[in-house]
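Take a look at this single chain in structure tokens; it is the form predicted alone.
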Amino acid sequence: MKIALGTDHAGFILKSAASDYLASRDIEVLDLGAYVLDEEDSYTDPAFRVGGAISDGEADAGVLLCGTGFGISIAANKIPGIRAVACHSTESARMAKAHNNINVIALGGRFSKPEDVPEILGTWLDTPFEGGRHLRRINKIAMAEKSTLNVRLQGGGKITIFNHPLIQHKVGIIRDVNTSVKQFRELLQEITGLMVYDITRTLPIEDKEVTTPIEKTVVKSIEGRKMAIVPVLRAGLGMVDGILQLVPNAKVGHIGLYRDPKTLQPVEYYCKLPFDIEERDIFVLDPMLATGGSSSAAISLIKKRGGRRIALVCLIAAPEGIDKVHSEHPEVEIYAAALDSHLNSHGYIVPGLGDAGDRLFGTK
């Protein structure tokens, strides 16, 4: 486990006690300052550094120290996915972890003494999250954050929710029961393309020399990374063209799974992947991440055939499906255009959009 540690001048008195205690538990500490006592330090800077480290996956959790713990936790909570609470006693630390699953604890140098720090931090670290109704509330908080979200739900893995206005506008139309089959197909492609445009922003690029009609010049080119897209049949087919329009050289595999209506478990009937799948960045396409059974099974099939760098791209996800995938494949990042509330008794996402395959192909 790695914990990011940040402090301002008023919390500096607690820093040694916090870092020493974490080290005594063999926890790696990412020290993000302040490193010296400076009365001009602002609590916002360490808050943003610690919150950013957690959001980027550089740390699993955080400890923030200021005068009261209030301002620094408010600042940290501005970062999507951060749940920071000021705790001045073991009881407040226990409740904040059990009910709110805080991933950042803030202590105040004006309320706590250095000798209090080990017991408060120990209570926070050792208290289990109770889940249940508390998990539903945390997931609603994640849904309410208004920018593109990088959040970690209870399953532990990373999920990115795209709240770009264009994506959300098109998701609203595709949910409508009156949207035609033609519109549904077009919208699914458009939404997928908009998502992949952002997903691929971290692809490495290199310099390449070309000759324009005027002269030679150096341009940017994507490095030799190979991409594979693998739709889960049949609804995943509707997402393929949205990616190929942007990345036409991507190889396409296919995995056929259907959900048993009684057990809700996936059943395999087809699997065909590029021969060099182990060398490729793989995007599994499954519009509706409901129970998560089909997506998780598809990822398992790819892994058995050598695939390693795998991400899952969905239109709409439910917390149950996210937890299922991340419980079996915690390293797989999930990308979705919307995170909905829950599943109904039939395993459909609520509010969802119904059966994506039926709406895509005009079947019942």
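Keep in mind that what you see is a predicted model, and the values were worked out from it rather than measured. When you see a residue number, it is the position in the sequence shown, counting from 1.
Here the subject shifts to the form predicted in complex with a small molecule, a form of this protein not shown in this document.
**Q** The small molecule isn't shown here, but in the predicted complex which of Gly293, Gly253, Gly71, Gly81 has a heavy atom within 4.5 Å of it?
**A** Going through each option in turn, the one that passes is Gly71.
**Q** Taking 4.5 Å between heavy atoms as the contact cutoff, choose which of Gly33, Gly306, Gly67, Gly52 touches the small molecule in the predicted complex.
**A** For this set of options, the contacting one is Gly67.
**Q** Since only the chain is shown here, I'm wondering whether Arg110 would be in contact with the small molecule in the predicted complex (any heavy atom pair within 4.5 Å).
**A** Arg110 belongs to the contact set for the small molecule.
**Q** Can you check whether Lys15 is within 4.5 Å of the small molecule in the predicted complex, heavy atom basis?
**A** Taking the distances in the predicted complex, the answer for Lys15 is no, it never comes within 4.5 Å of the small molecule.
**Q** Is there a heavy atom of Ala10 no more than 4.5 Å from a heavy atom of the small molecule in the predicted complex?
**A** Taking the distances in the predicted complex, the answer for Ala10 is yes, it comes within 4.5 Å of the small molecule.
**Q** Choose one stretch from 59 to 67, 22 to 30, 306 to 314, 333 to 341: the one whose residues place a heavy atom within 4.5 angstroms of the small molecule in the predicted complex.
**A** That would be stretch 59 to 67.
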